[in-house]
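In the block that follows, a single chain appears as structure tokens, in the form predicted on its own.
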């Protein structure tokens, strides 16, 4: 099975014959091309055009993160799974407000369900979360009444705001978390959420690439220039499943602590060791398998993302109504 490679040490990435090599000051490590699903580059990594061309020829997405661990962009190889028919229908579903709202509402309906699933899990032990569950459920009722994308986004924002207000209780206030700040994150919890959401976004983007969907045509988020907005849409479904569950574990089991952050500048970011801890848990989560009743077999969380893309394809082509992945486990 192919797997992701996360490169966190400074090195040079080269091609020799049909193999990619990571060349460090103290040696080099080979990576067979057929073993690579995607590559994540953190820190100072040098690539030459020979290596880039080779990766593109083999359909391998490469995701770039800067020195502070913030996502900066992706090398998205030339698409080979082209379908003009699907693109036309993707656009038609965007231009028709009713059709666009139908998809967007299901995305938020699913994200809200998964958010509630997380909070209800901890409510069994924390009585203070009862009121937060009630408020999220009441706010989620407004999804059905939304007449525009902006109304829907407002509803989603309020749900997520209530959700984030549960984090101090869920994690015992190990890291103070008052409000979500992204650019740049101002404390440990915001740094963890930003880093985790970046990993979730890139995982979704890698799976979209394996389908015929065009990643720039989206429904909940406005399509724009220089971004793959469909990955933002589908990430809404998976952030509670992947990012949030990973960070709850990292903090509650004290795998990550204050020593894993650097706050010497006017913002907060994960140090290299902290990023490695998060990446390990996130990659383990992607590889975790669960029983998936529609296929009557076990599938990995990564496969669940691909299946979500296929469900969206079927909806866009009018084959079956899109029903998002609502956690049952």
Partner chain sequence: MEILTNEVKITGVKINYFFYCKRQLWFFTHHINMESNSIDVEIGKEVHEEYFNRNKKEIAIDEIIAVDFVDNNGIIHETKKGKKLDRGDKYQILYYIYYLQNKGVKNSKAVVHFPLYNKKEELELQDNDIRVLKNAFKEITEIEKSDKPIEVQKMSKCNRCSYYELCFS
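Residue numbers count along the first chain shown, from 1. On a predicted model such as this, the values are computed, not experimentally measured, just so you know.
Beyond what is shown, the protein has a form predicted in complex with the partner chain; the following relates to that form.
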Exercise. Check whether residue 142 has any heavy atom within 4.5 Å of a heavy atom of the partner chain in the predicted complex, and answer yes or no.
Key: no
Quiz prompt | Exercise: residue 292 in contact with the partner chain in the predicted complex, heavy atom 4.5 Å | solution = yes
Quiz item: According to a 4.5 angstroms non-hydrogen atom cut-off, is residue 81 in contact with the partner chain in the predicted complex?
Solution: yes
Practice problem: Check whether residue 307 has any heavy atom within 4.5 Å of a heavy atom of the partner chain in the predicted complex, and answer yes or no. | Solution: yes
Practice problem: Assess the spot marked by 212, 297 and 314: is the partner chain within 4.5 Å of a heavy atom from every one of these residues in the predicted complex? | Solution: yes
Quiz item: Counting only heavy atoms and a 4.5 Å cutoff, which of 53-61, 266-274, 297-305, 281-289 contacts the partner chain in the predicted complex?
Solution: 297-305
Quiz item: Of the residues 75, 146, 86, 181, which one places a heavy atom within 4.5 Å of the partner chain in the predicted complex?
Solution: 86
